[in-house]
Each structure stands twice: as C-alpha cells, then as structure tokens.
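Next up: just one chain, as structure tokens, the form predicted alone.
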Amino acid sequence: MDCYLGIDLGSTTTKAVYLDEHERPLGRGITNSRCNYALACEIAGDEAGINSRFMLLRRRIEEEDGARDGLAELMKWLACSFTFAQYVDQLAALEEICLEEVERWNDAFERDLYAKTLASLFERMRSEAEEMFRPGLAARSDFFRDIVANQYLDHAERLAKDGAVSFDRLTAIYDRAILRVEGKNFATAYAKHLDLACERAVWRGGFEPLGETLRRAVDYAIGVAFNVRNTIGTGYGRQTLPIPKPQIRSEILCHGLGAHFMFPNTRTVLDIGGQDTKAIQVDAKGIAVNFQMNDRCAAGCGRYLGYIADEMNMGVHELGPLAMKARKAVRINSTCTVFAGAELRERLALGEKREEILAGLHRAIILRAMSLLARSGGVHDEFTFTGGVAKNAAAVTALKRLISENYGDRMINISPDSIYTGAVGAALFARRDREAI
C-alpha cells in the first residue's frame, strides 16, 4: 500500500503519521524522544504502521456481513489487548535487565537477596497486569515508563518495609534498567502481539461468534506491506533526523498546515511543545503568513511542566487534573524553569495548596503564550491549539478564559490528536512534494 510518512521529532516526544495517497490518515505513533534520535524515529514510525494496521483491520471487519454489531466494543478489546501484549513483553525485558544489574554485584549474599526480591516484585506486577488493560478503565499514559514506574515503586516500597532490602537501592536498579528497556524497539513484534491480542479479545471479551472474522482480519492486517513513497521530517530536533536535508520542513510550516488540515477554517494556531511555543497566523490554504516563537528557553513549555512534576513527585499527566480542583489560582511571579523549584517550595512553605499553585502556574504559562499571539497578529476565528500541552485541561481552561477576556468569542479547536499536528503537516508535505515531481 502506498503511503506518506511525516515525522515530528520533539524535545520530549517523537510523533509519526501515515497518510494514504488520498491524504486520508491511516495511523499515528508516538514514543519518548531520547539521545538516540534515529531509534526514536524508527519506533514512532513502526508504531504508526501498527496503528495503520488497526485501521485496515477495522475496515476489513466492516466489510463482513453481520460483523458490525458490537464492532466498537470489539475494537476496544483488541486495542487494549494489544497494549497488554506489548506491556508483558516490556515487563519481561525490564525484569531480565534488573536481574542483570544485580548479577554484577560482588557480594553473593546481596546478589541472592535482591534477585529473590526482584523475582517476587515482578511476579506481583505480572499478576496485576491482566486487570490493568481492559476497556472502561481510565486512560493510561502512552509510554511504558509512566505505566510501569508507579507499579514498580509501590511494590518496591512494600517489599522494603521490613528493612531486609533498601527501597533506594531497588529504585536505583530500576532507574538504570528502564533506560535500557527504552532502547529496545518492541513495535517490530507487532505480528506476535496482534495474534495474542486477537486471542485475548475473543476469549476475555466474549466475542467468540466473531472469532473467525477477527482472525481473517488480523491475518490480512499483518500481511499488508506499506510502501512509503516519501518522508518529511520536522520538529525541535529536525536537524538530527536520519533523513536527507531536502526532506526537512520547519515546525511553523508543518503545524500551520497540519492545523488547517484538521480544522479547515483555522486562521490562528498556538502550539505549546516541550521546548518552545509558537503563535502562527495562516491563510485560507494553511500556509503560514506570520508567526512569533519563544525559543530562547523552556519557560512556559512542556519541559517547564515536566520540571514542576518532578519537583512535586508527580507525573506530567497528573498536573492538569490536580490544577482543575483549585478554587483560585495563586499568582506566580516567574515561569523561569531555573527558579521554578525555589518558588514552588516557597509557596508550599507558606501553606498554599498544591492545586492552587498549579492553577497559577498554568495561567502564567498561557499568559506568556498570549503575548506571543498578540505579537503575531492576535487571535482570529478560527483558533486551533496544538501540541502536547493542548491535552492539559488546566492549560485549556486558562487559554479559553484569557482569549475570551482579550478577544471575545472565538471558535477554539482542540483535537484529541493535537500532539500529532506537526507530523500531520509533515506527511501532507511528503505527499504534495512527491506529487510535484
């Protein structure tokens, strides 16, 4: 199948999107960005391929007579079962690497003690995994590190309570091992994972009558070969992408075109990424005509939120929900990442509530973005918010309030796939560049 690939290498995540020859989305993938950018691009691209196979699989089932009843629920079971299969493989790799770390120790008694402790810890984690991946549960992070960290640390803390082993030492083992696990590409085992997902969806989800239909669809999806006719890369780390320089586009162009593709009436785009913020004005075709960009530091960007999360011993995805519980927003004097920790600790020492501090931090971030928007030409109908921070409910709430206060009523677009906007724009350029040859 002919397709076009767009890759957005950000400072915190790498995204990839497949479009077909008619510019219809096929699939998308995401992974943590890391020092090995070539690997990050490979994993994101492979994940986009897997997601595309799910799209084709669904279409194949829809073609079967009588198979549409319960299709939505079946696809939910298949998706969570696939994630479960991936997770089990990653968990096994993490256990193996943790044990390898312990095997290097010189003290035989400690080697044996910690090996047995880790075996018990991972057995507990495996016993919980089955119930972690089923439809209807609260959405989890896209990344193995986020999902497994809390589980591992909770069990490590329990096992260390009797004093026989050290919680800090178990944490140190994990910290070294998780980096090596993230250096492996589990997406290449998609055929095995799809087979396991098919079996689990049928028997655990209760879809025995659709078993043969699903099996045929899975075999078809596994057998599809994707012919990537062109690839375009963009993002904060675009200059390090392992593709020829002529196939690189700026973030401004890709986010502008991607936002226009998602919402054709878009005229103003705000992208808050991991390392920079971009305010973009686009014309009726999605071409950028003006922009302002905060690229001197990470203040007011995703990296800043990541730093705050670390200071508060929370996941980044937990910041927004906690901030939404605030009754008021504490006034924050600085969004400088360097001084954020000090001001955060000072506010907590003064007795300020965590949720109210976070509400103030989110408002301060959006205030910086509003300044960029004003300098780029203001906010026009329609306005589209893109980037990872667009998934943060507290940031969205602050943005809507400030836009209303400063510009009145505006149509504000936020896609559930907002983090993929740059990759969508890159894929569109890939298709159009190829067509122009």
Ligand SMILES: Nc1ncnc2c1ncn2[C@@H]1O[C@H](COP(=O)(O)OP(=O)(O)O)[C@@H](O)[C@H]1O
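Start at 1 and count along the sequence shown; that's the residue number. Only a predicted model underlies this, so the values are computations on that prediction, with no experimental measurement involved.
The same protein has a further form, the form predicted in complex with this ligand, not shown here; the description that follows concerns it.
- Residue-level contacts in the model of the complex: of R267, R354, H317, H193, one residue has a heavy atom within 4.5 Å of this ligand, and it is H317.
- Listed residues G274, G286, G360, G205 were compared with this ligand in the model of the complex; G274 is the one with a heavy atom within 4.5 Å.
- Taking non-hydrogen atoms only, C198 never approaches this ligand to within 4.5 angstroms in the model of the complex.
- Among residues of the shown chain, R303 is one whose heavy atoms approach this ligand to within 4.5 Å in the model of the complex.
- Remark: G387 counts among the residues lining this ligand in the model of the complex, judged by a heavy atom distance of 4.5 Å or less.
- Looking at N392, you'd find a heavy atom of it within 4.5 angstroms of this ligand in the model of the complex.
- Between 100-108, 72-80, 216-224, 303-311, the stretch whose residues reach within 4.5 angstroms of this ligand in the model of the complex through a non-hydrogen atom is 303-311.
- Annotation for 4-21: interface residues with this ligand in the model of the complex are G10, S11, T12, T13, K15 [heavy atom within 4.5 Å].
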